[in-house]
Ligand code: KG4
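We begin with a single chain expressed as C-alpha cells, specifically the form predicted on its own.
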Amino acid sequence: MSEKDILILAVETSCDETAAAVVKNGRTVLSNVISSQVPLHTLYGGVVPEIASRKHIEKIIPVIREALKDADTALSDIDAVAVTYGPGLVGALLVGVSAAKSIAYAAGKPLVGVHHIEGHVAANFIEHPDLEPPFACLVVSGGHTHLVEVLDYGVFRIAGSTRDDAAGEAFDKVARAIGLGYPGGPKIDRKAREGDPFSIPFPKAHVEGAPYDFSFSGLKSAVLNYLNHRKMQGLGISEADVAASFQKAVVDVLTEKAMAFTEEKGYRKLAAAGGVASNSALRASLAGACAARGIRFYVPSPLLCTDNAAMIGCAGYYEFMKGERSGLSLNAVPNLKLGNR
C-alpha cells in the first residue's frame, strides 16, 4: 500500500440494512459487509422502523468489526469514518451516526457525514473507473426518483423529481396489492418475466410544465382500480400480466424522461443509481436506449444498487478529499435534501 492511499471506514444504516465497508482511494472496495433485515420485515409486509432500529443496535458493532477484519485493516490504519446521516428512517440513521461518531472520537479520526443518495450515485464510480463528472444520472429508489446533473463529485443539480410516490414505493404498493408481498421490487421483476407487458394499457403520467418531474400515484391507483374492477366482476387476475404491464409503464416513463434530459443537456454519459436500478427491465431499457443514441450507459451491479456501505465509503472519500468534515454534533436528518450539507 503506497503512502498516498486513503482508507475510509463507512457505515450505512438508513433503512433496514446494517452495513459497513472499508474503501481505498474511493474506488477500491476492500470489504463490504451487509446484514439484511428483509426476512424479519417480510413478516409485516414492509419495514417497521422501531424493529429496524433495534436490529441495527444489535448488529452495528459486529458488522463494523467484520468489515475491518475482511479488509485486513486496523482502526489505526483508517484515515476517516464516513456515515450516512440522511435521508432515511430517523431511528435507524441515529444508530449508524452514533456508532460512527463514537469510533471517530475514540480513534481520533475525522468524521464525514454522507448523503444517502450521493452514495447511490457514487456506487457507479466503484465499478466504472472511466466514469468522471459531469454526467446525467437517473436516481430511482424506494424513497426517491430524481433526474440530476452530477456536476462534480458531490455536486448536484436536480432537474426533476417525483411529485408523489417514488418509483420503488409504487413497486412495493403494487406488489402488495397483487399478493406478491415484500420486498415488492424484486418480486415484481421476477413475476413480470412470466407476463405480457402489453396486456393492460396502464397510464403514464406527465407533469404539465415540468417535463422531468415524475408522478406514480395515478399509475398505482389505476392498478388498484383494475384489480378491484376484475374482482367485482368475478373475473380472474393474471398476477404476471399485471406485474409486467405495471413495470412497463414505470420503465417507459423513466427511460423516456432520462433520455430526453440527457440529450437536452448534451451529455454523452448517463448513469442510473438506487435500488430500482437493479430492476432487469429498467437496466435493459436504459442500455438499449443509450446504445441507440451513442450515449455511454453506466449502472452498478445489483448488489451495489441496493443499500450498502461501499457506496458511502466512495462518496465519503471524495468529500474527505475536498476537505469536508463533520463535527461530533452531527445528527440524523431524515428528510435531508440532495445537495445540502
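Note that this is a predicted model, so its numbers are computed, not measured. When you see a residue number, it is the position in the sequence shown, counting from 1.
Below, we turn to the form predicted in complex with the ligand, even though it does not appear here.
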query: In the predicted bound form, the one of Q37, S285, S278, S31 near the ligand [non-hydrogen atom within 4.5 angstroms]; finding: S278
query: The ligand: the contacting residue among G86, G195, G154, G142 in the predicted bound form [heavy atom, 4.5 Å]; finding: G142
query: The ligand contact at P300 in the predicted bound form, heavy atom, 4.5 Å; finding: no
query: The ligand contact at D241 in the predicted bound form, heavy atom, 4.5 Å; finding: no
query: Distance check, D165 to the ligand in the predicted bound form, heavy atom within 4.5 Å; finding: no
query: 4.5 Å heavy atom contact, C305 to the ligand in the predicted bound form; finding: yes
query: 4.5 Å heavy atom contact with the ligand in the predicted bound form for all of K191, F216 and K220; finding: no
query: Region of this chain that lies against the ligand in the predicted bound form, out of 254-262, 72-80, 98-106, 165-173 [heavy atom, 4.5 Å]; finding: 165-173
query: Contacts with the ligand in the predicted bound form - residues in 173-187 whose heavy atoms fall within 4.5 Å; finding: G184, G185, P186
